[in-house]
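In the form predicted alone, a lone chain appears below as structure tokens.
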Amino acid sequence: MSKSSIQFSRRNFLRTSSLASGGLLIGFNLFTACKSDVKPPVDLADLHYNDFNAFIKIAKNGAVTIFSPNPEIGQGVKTSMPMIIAEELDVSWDNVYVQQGVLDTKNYTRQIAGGSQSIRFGWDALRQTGATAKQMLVNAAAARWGVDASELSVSEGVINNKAGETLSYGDVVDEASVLEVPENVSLKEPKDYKIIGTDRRNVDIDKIVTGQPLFGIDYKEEGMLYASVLRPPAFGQELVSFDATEAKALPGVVDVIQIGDKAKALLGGEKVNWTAQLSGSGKVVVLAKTTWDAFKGKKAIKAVWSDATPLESTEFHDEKLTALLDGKDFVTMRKDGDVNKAFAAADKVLERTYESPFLPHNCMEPMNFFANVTDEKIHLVGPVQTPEDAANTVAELLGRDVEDIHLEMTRMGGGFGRRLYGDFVYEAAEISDAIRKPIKMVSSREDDMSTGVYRPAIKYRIKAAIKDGQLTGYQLKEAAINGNMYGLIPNFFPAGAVENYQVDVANYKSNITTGAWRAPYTNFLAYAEQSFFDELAEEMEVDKIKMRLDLLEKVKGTDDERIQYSPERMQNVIKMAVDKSGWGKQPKGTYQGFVAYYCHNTHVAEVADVQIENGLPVVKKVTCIVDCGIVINPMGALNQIEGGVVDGIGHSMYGSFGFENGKPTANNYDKYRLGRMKEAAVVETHLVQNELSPTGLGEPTLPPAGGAVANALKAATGKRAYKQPFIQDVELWKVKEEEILG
């Protein structure tokens, strides 16, 4: 750990721990499902908590509630972040309670769920918080006993002195809370961890399985109206007029209004927040007593739309992206050596193009948000991954001070990057501002899929130079809709391993809203590059595994600060994958595909096993090796790892989505194919054990999955896939078993 990172964490920590109250409240749910003899949890309302600092509250009976700022989207931070604090605080896990915190920019930084960075960025600050609170409690006990704090020991929230006397944290919390915050505290060694590294249940699991109010879709307030928004049916269209006569006559419908002027003004501003993925069109809003009434009312609206900008189709996008790849208008993101000279001098040049479609996010919980705008304050509640950006944008949208806004975060029924964008928050705020009543905007599944934010369609063209049996040049070109890969990606492997290396990007600006989708850009790039590596090894007539290991060997000892991946850690996961998967040792009829990939600061290797059943290739198993440093909660880690693999396979195999004259080709699951439960492969996970700082897990296992499957399909069918979804490649899938097995 670098000195600079420690100093940063200390500053970040002191900002939170020196304050008396507020912020994120993380506690631990002690319900135990399906056991009749379990005692009911302590009523938190009766505990008389002392606000110890911005993260922690301690009651007289020793019960602890831990505050944490980050949104919970299913990635498990509501469990894992308090585990880190509880470890250093040295309390019994059974005495810790969890509550989700509100947006609190005074006491916290980076209240975001995105990029698999919550644990990585929070690791030092959360440990410091727990350790500092513990030291203050010990100092208070030492003062009461008149001894030196170094003479005392702590175990599970009980302080002991040499005379055999004990004090609980609850006994000294009042004295401790007014003490000076110590500048230097000691942190535990990993060998002494009692909570970190142990399996802990999701703290919300009992509420989830029993259907208790927890998600944004559950939130209600007295007198609240439900709002359903009629948006343009095609990207590029704008509202001309509407007739709400029939809608207003329906039972339960309270009113029909139009919004959009404030959003249009926001989008026309000098600097628009990146989360404001909004249509500039007017929109029709049906306000009703129930969601069903609102949805029915929306269907009864007779709206007239006009084409404000050209209505785009998938064929058009395909032509544009190909033209970009064939053209010369690129931005170079990294350039080492001279790739053109390498290609000119090469004995052989391999070039391939890979294609991927748009994809919707398909969160289980549709977009929704509560808003209550009054002259005094703006109350916002719901599922959003970027609460601070949402609050700032609402303030700008409505011309209010951000201090007027109180934003509460609910648990989310999936995010995957969709809820980074607050269009649904801004709509809810504009609606409530217009009628000055509490409302909840709720989207239907069709709304979500047809008027949302999408993964952009992308094409990659990869070109390699081979000279004297060596890889001497490598060029990656990206053509994408609206935006390009972020700045770290060009420095991922094989950057640093090839003397002549270049990454060029170009994009076409579309009126279709696009944005981050689980593991942005790498979710498709990993498949393209790793499939290319396999084909490159075949062209070079070298072993696929050895080629990767040899390239990584060239990166060892590099002084290139842009390289963030570790060649040693990558080699380690590769070797483990070979060993654990039985690479090359599978029985006849099992075909394997290999991938090693680094993204979101985590090193992963995956091996997919494919078999032919009824003439079709079927993914039976994926062996997954993950090096993410210290694993906070192994149970939660496995959920993220396995979910990422299954998600990656499902979308690379089946995910197909496009546009026809600005309209999405699917608006529900009858036309949009997802992987199904019966198709889910067995995922065998192996976690690398080390004592390095933890990195992310919500995204890193998804990108390699598509590549592993593609390489296994090549082994099984003899045909290589260059386009996702694989299911659309007729030649790849029409395989007769006798042709494969002889």
Partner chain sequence: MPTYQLTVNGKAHTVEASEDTPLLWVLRDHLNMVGTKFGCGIAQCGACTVHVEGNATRSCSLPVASAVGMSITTIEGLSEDGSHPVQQAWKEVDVPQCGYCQAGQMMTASAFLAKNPSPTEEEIKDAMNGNICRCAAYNRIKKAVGVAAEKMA
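Everything numeric in this text was worked out from a predicted model, so none of it was measured. Positions refer to the first chain, counted from 1.
Form predicted in complex with its partner chain: not shown, discussed below.
Though the partner is left out of this view, residue 296 does reach within 4.5 Å of its partner chain in the model of the complex, counting heavy atoms only. Contact annotation: residue 670 falls within 4.5 Å of its partner chain in the model of the complex, judged by heavy atom distances. Interface membership of residue 643, defined by any non-hydrogen atom within 4.5 Å of its partner chain in the model of the complex, is confirmed. Shown alone here, residue 647 lies within 4.5 Å of its partner chain in the model of the complex, counting heavy atoms only. Partner proximity in the model of the complex, defined as non-hydrogen atoms within 4.5 angstroms of its partner chain, places exactly one of 67-75, 593-601, 88-96, 392-400 at the interface: 67-75. Within 4.5 Å of its partner chain in the model of the complex, a heavy atom is found for not a single one of 121, 562 and 576.
With the partner omitted from this view, the residue of 571, 139, 202, 450 that lies near its partner chain in the model of the complex is 202 [heavy atom within 4.5 Å]. Residue in contact with its partner chain in the model of the complex (any heavy atom within 4.5 Å), chosen from 206, 538, 550, 336: 206. Contacts between 428-460 and its partner chain, taken as any heavy atom within 4.5 Å in the model of the complex, involve 443, 444, 445, 446.
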